[in-house]
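Below: one protein chain in two forms, given as structure tokens, structure 1 then structure 2.
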Structure 1
Amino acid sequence: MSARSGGRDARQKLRSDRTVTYLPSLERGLPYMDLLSPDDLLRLHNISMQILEEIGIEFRDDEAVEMWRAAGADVTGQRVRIDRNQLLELVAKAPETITVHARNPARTVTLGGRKTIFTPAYGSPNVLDLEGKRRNATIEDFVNFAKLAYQAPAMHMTGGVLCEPMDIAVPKRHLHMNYSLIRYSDKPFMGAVTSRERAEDTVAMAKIVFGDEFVNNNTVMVSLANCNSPLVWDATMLDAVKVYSANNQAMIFAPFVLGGASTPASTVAAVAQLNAEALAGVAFAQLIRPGAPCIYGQWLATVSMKSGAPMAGTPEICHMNMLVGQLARHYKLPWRCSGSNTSSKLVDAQAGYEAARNMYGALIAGANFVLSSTGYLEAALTQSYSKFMLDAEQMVMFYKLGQGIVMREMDETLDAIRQSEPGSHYLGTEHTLKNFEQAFFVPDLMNHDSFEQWSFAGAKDANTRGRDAAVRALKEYEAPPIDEAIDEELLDFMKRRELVIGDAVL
């Protein structure tokens, strides 16, 4: 019994001592899944253009409306109708690929074209904590998730609103989130979008880290603007767009789609509407700064007609993602979708099924920016420590799946076949000994032991293994270096801004 335990302990120590290998942007090796023929794609495009030309879209912001009026759009009140030729000329100014610089240049990533990046879940006010309890999120949780994202090999950005730290007043919350994203990880991060001033603070903090000129000429962060479907861009989101686009920082234009509620109850019609909404946002950014980096996309859920609740992992969501991907390639825009989504409240079979089906659809569809790849529960209301770790490991596997097949292996493997007699095995061949660690991905958190081995090790389910992995990762975390002068300047900026801002929500 002790010998078996020693062998298992040795294997566990080997895994825990393993150096993290950070994965670069995924270079897609899979073919795209195009659902529509060229004629049907053009028909879908034309319906979106009709929506913008005939129905129009509301920009509920006087400054934005005047910008559209000055550009020659048909404006009535806040309703803006945009000619398709004008729209497509503006959209064509947005770059096809975007490089997002990290404070550690080794973590810089590129997205768009055939390149994909993965990022954590966004926006939850609650956490499912290390004891398995659902509670309000705190700044300690936020810092913990920043540390976990930093250590995750396939997380290409630290994220944005990893969770809402409810123990910090709303007006100054963004300062603490920004600082945590910068200090506890050296990967790129996402900016605050809940007011013009908070976006300006985020840009100011980025300039402390990178310098004014570098930020003006390079993209160092990505921020998220949600369209208020159906067909409304509100002042809060537009203010954030004005700040980030003017400063050359990438914006995601993502209609918040509840299929059957905020869109018609039709897969194709939902995509036609969200396409019009997202393209209008991309075009607006080009009015602010021609060439401003933009990511076209959406947040997708279908609505249960039994309860009105959003659903994840349904077949229609996969179809929508494939249609959006095909449209994005038509417009030559990088595009965003969400990955490991689930409506489940626990890390259970539903969570696994829905997250895997959603993420598989996103990968097949060819998304370039996959938000909510890790930790997502309860339709974005909860961020789970356990699911974060389980998802992070899954994302390494999705990364490998997305790379496709390497044909150059064939010559070497033919020699291995020659060395083995029929009916024997390959376990001792030179090729196997040389390649066994890289040939097939072996997950740490999925258990493949016999029942007896699993029982002897504590009979832990996946949820428990995920929590244990989070505890271990936080214990082993080592902060990436940061220039002391930059750190001090960031803290001083926060202190000065907090004195000005106060705690009152205006």
Structure 2
Amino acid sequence: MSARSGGRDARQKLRSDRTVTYLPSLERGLPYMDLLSPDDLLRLHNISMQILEEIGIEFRDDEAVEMWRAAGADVTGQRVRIDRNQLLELVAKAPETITVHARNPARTVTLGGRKTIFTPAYGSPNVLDLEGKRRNATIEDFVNFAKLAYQAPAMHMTGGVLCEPMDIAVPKRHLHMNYSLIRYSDKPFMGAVTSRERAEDTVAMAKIVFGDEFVNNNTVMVSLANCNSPLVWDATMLDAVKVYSANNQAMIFAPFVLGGASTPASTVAAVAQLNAEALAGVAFAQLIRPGAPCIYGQWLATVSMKSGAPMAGTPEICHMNMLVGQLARHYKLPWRCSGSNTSSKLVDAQAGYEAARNMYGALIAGANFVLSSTGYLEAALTQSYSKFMLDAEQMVMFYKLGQGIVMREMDETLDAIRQSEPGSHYLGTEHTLKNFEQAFFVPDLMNHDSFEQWSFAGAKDANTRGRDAAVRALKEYEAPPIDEAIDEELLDFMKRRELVIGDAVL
């Protein structure tokens, strides 16, 4: 009886612990898995260098082209050919690790080297809502996902475009997204990239929160620049880079791999191309501000021969991630990939298979910044409440997997085994009672009951349990404190900017 009530107390303690537990940046305890020999790595690197030297890459922005010309690159129209020595010199200026400050210092995270952080999905115009209905996302959804990300122990950032609040006009949308990310969570967030002005607004809002000097000397945001693959950086993205890099804010340079469409139909060739694209982006940021924090990154899909649609979690994506990881380590750059991706329309077995396989691949490959860790459906077109909750729990498991084993357990091993006789069991041993909680993670949303217990409790599938958990979390949500003066200043800034942007744009 005492053992049983001890278990109950322990469970209660665990539950109350869980509501306040935030996991710091993951410190990798697994070895790396390098697919390439040092010679082959060099060969792949050389191909990327040849791409940039011989084919070149387009910077479709006059200002950017002028910067490259001034820096001595070979420029013809918008085509920029970059010599490998110049490129590598620039890339070497980017820091190997980045500390991203949160408005609550306890939520500040570091990525790069052996450190990894997880972030929710990005950019979906739709949600699969709490009634299981697929519809356009709204600002209410956006706020909800910010609240869920705040509560998720393994989410290291609140996120960026958690979903597109389609009920707010595009020119004003970033203001409301930024405000929600700042107000409803105290973790680091991602900035707007859809125009220079919106990036400037984002930096201005960050300065309200952190102060001008702090923002100028530290990194408080990570923003995402997608490459228009193959081999194009467009003006919109470059404008955002100019603002953020000048302000010392981190940029992800993300080639957009649709294997067979935006890259050749080859795992190796796709990586050779994305490597050229990402490095050119990182180098450009160094032209703006030497030492600007950069994340080498990509979005990876292979294309279905049947439908032309992007696919997630395929073997080739796992291989690409492994290759990218090895290259990024070679260049000493933090790198990004996507996590719990799926093409599924539902939170069904496909969603589970693809999300888990994709995310396991990202972890094995050693990504430092995992975007789309939670909620992702339909190749990013839909954000699901249920999958957000399920994925968020999966990410705690991936976190623990990534930490590796606890070697000090070896010291107690022989003693632990002596506490049970052959043919007996360990359930009541001193070692078990002392170690059970820490030794093995018990997920809440994965159901391990017997068929009978599970049936009696309503025979709920994972999708239903995920939705229930989202409802519960939103009910239990308590906003983190914010300085009232800062809050008012943010609201005032938004009001002023909305007046300038005007109703005409609606």
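None of these values were measured; they are calculated from a predicted model. All residue numbers here follow the sequence of structure 1, with the first residue given the number 1. Between two forms, the rigid core is defined as the largest C-alpha subset superposing within 1.5 Å.
Between the two chain copies, the one drawn from the form predicted in complex with a further copy of the same chain is structure 2. Pro105 shows a C-alpha shift below 2 Å between structure 1 and structure 2 [criterion: core-superposed Cα displacement of 2 Å]. With the core held fixed between structure 1 and structure 2, Glu421 has its Cα displaced by at least 2 Å.
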